[in-house]
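Quick setup: one chain, the form predicted alone, written in C-alpha cells, and binding and motion questions come after.
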C-alpha cells in the first residue's frame, strides 16, 4: 500500500490516532494506536547519534557518508534523519521523489547504496513547505521512526540530528536508549568549536559516551594537484577534543567533489571510494566497527580508562633524545608514566624499547604494557583508529618537551595540542 505524503499540519506518518486529521497543536500523535502486537520486529545492535552545536558544519554530509562507508564495509546500516525542520538527507541523496510505502502497517524505509533511510523530508507533500511543530509532535515523529519503520536487522543505525541540544537530540536520547554514543562534528574555527563544546557537555550531562570528534572542512583539496590549503586553518577540532578529554577521530578536508555529489544526489564515498577524502571517512568508521567487535571505541574521559580500584592510569609517550618524538613509529623508546588519576600526579616512569614498527604492532604492544593514553607529535588516521580499537586514547600534536612535562600538562588540562605533524 502506498503511503500518502501528508501536509505539514499533520504528523504525516502512519499510526496517527486522529486518522491523519489532527492539527499542529495535537500532542498525542504516535501515542495511541501503535501496540507491541502490530509493531515491526527490529533488531538494531548499535545506535549512534551524529550531532553538532552549530549549523553549517556539514553534519548531515558526514552522517550520510559515514553510513554508506559502513555499508561498503559489509555492515547492515540504517540512516535516520531527525532534523524535522530542515531535513537534508533526501536532497543530498536525490530521494525527494522517493515513494514511502506501508506493508501491514509497517513503514518501509527507502534504500540507497545499501543503506535503509527515513526522514520527515520523504513524507512531505510539498518539499518547500515549513514544518511548524512543537516539541510533542517532533517527539511523536521520532518515536514512530524508531518503532513503526521496518528497519529489520541492522548492525548500525546512524541518527542525524539538527544542530544544537534541543528537542530532537534529547528525544533521541530518551526514546532510543541505550545509545552506544555520539559523534560530534565541528569545523576548525574557534566560533564552531565553542558551540560544539556545548554538545559535548550535553553528552556528559546525559551520560552519553562521546565516541569522538570529527573536524570537517579541514583544509581545501585542490582538484588539479591535490595540494591541501588550510582556508579555515586546521587543528581546532583536535585541540578542542584534547582539552575536553574526548577522542579525536580525524579530519575531513573540503573537497569540491563532496559539494558536487551532494547537489547531484550521488553519495560521495560510494562514487569516489578511492579518493583520499573517502579514505578519511573510512578512518572514522574504525572505532564504530570496534563496537561490533566488542572493543573499546574510546570513552568520554580518560578517567574511564583507569583502574577503578586504584585510580591509576598509564600514559605512553614516544621519545627520542629524552623528548617527545614527533612520529610515534620513529621513536627510540617509549616512556610509560604511571599516573595517579585522582591526584593528577605522575608516580613512576619506565623506559621501554618498542618492537620493530609494523602496521598494527605498536597499538597491541602498548595495550599489553597497560597504556591508557598515548601523547604523540604526529600519527596517521589509520594508526589512531588502531590505538582506539585497543582501548588507548590518542592525543596528537603534542609540543616538544620531556615526558614528565607533557604528562603534567595533560593531567592539569593545560596541554595545548598543535597540528598533527604526520597526518598521512
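Numbering follows the first chain given and starts at 1. Keep in mind it's a predicted model, so treat the numbers as computed, not measured.
Keep in mind the form predicted together with a small molecule is missing from the figure; the text below concerns it.
- The stretch in contact with the small molecule in the predicted bound form, judged by heavy atoms within 4.5 Å, is 88 to 96, chosen from 347 to 355, 88 to 96, 111 to 119, 314 to 322.
- Contact annotation for residue 216: at least one heavy atom lies within 4.5 Å of the small molecule in the predicted bound form.
- By the criterion of a heavy atom within 4.5 Å, residue 57 is counted among the residues contacting the small molecule in the predicted bound form.
- In the predicted bound form, residue 390 stays away from the small molecule, with no heavy atom inside 4.5 Å.
- Residue 259 belongs to the set of residues with a heavy atom inside 4.5 Å of the small molecule in the predicted bound form.
- This chain is drawn without the small molecule; in the predicted bound form, the residue among 255, 167, 155, 195 with a heavy atom within 4.5 Å of it is 255.
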